[in-house]
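First comes one chain, alone, set out as structure tokens in the form predicted alone.
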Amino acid sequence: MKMQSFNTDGEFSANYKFVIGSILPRPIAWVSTINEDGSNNLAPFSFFTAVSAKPMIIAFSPMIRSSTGEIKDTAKNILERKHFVVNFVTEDLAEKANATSSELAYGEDEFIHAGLTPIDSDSVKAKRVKESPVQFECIYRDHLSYGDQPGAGMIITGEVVKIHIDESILDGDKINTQKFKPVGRGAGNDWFKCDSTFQMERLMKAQIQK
């Protein structure tokens, strides 16, 4: 291989392109929160991962808006109200999830904008996306911030206190990937389907996933 090397001390946009072009595919946290005026907020984030099983902790990373240099509404709402819901995006919901990435005016409801149905959560005030087959109700746990300039991000963690799963995608106590049909993000305008999977036996002695 003939490698090219790049420093990371230039414009954030160059770093961003390498991040989204190499960390692939990225799952999507479709995060719903409550605005200060009581209206709903919903936005997708592809810097998203699991952290812990017990306690059940997830994390996602909203970045400072490159257009305005301001913290995103989702992060602002979580830090102020301490709760949120992570909804999951499927092939059928990809276009609606993409619609909620629009930079609407604060207080304008992305559920309405994308034609989605908000439903009450059991343990938090943020609404769930009825159309999503998997929903995690989360309590804010902590966060780390890495700057206040455009392109800087933060890590927000939440403890999952309630899980909702459409029984049609369950095989016993497991989610069936082929029935779930999740999607992920790629570079630029690329999205990924999870319709081609392969299996290899893990080499660990304890096989929790079996």
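Note that residue numbering follows the sequence shown and begins at 1. Bear in mind that the values here come from a model prediction, so they are computed numbers and not experimental data.
From this point on, the text means the form predicted together with a small molecule, which you will not see here.
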Listed residue (K174, R65, K162, K179) with a non-hydrogen atom within 4.5 angstroms of the small molecule in the model of the complex: R65
Within 4.5 Å of the small molecule in the model of the complex, all of N98, E103 and E110 (non-hydrogen atom): yes
K72 within 4.5 Å of the small molecule in the model of the complex, heavy atoms: yes
Contact test in the model of the complex: I156 vs the small molecule, heavy atoms, 4.5 Å: no
Stretch in contact in the model of the complex with the small molecule, which is absent here, among 138-146, 50-58, 163-171, 35-43 (heavy atoms within 4.5 Å): 35-43
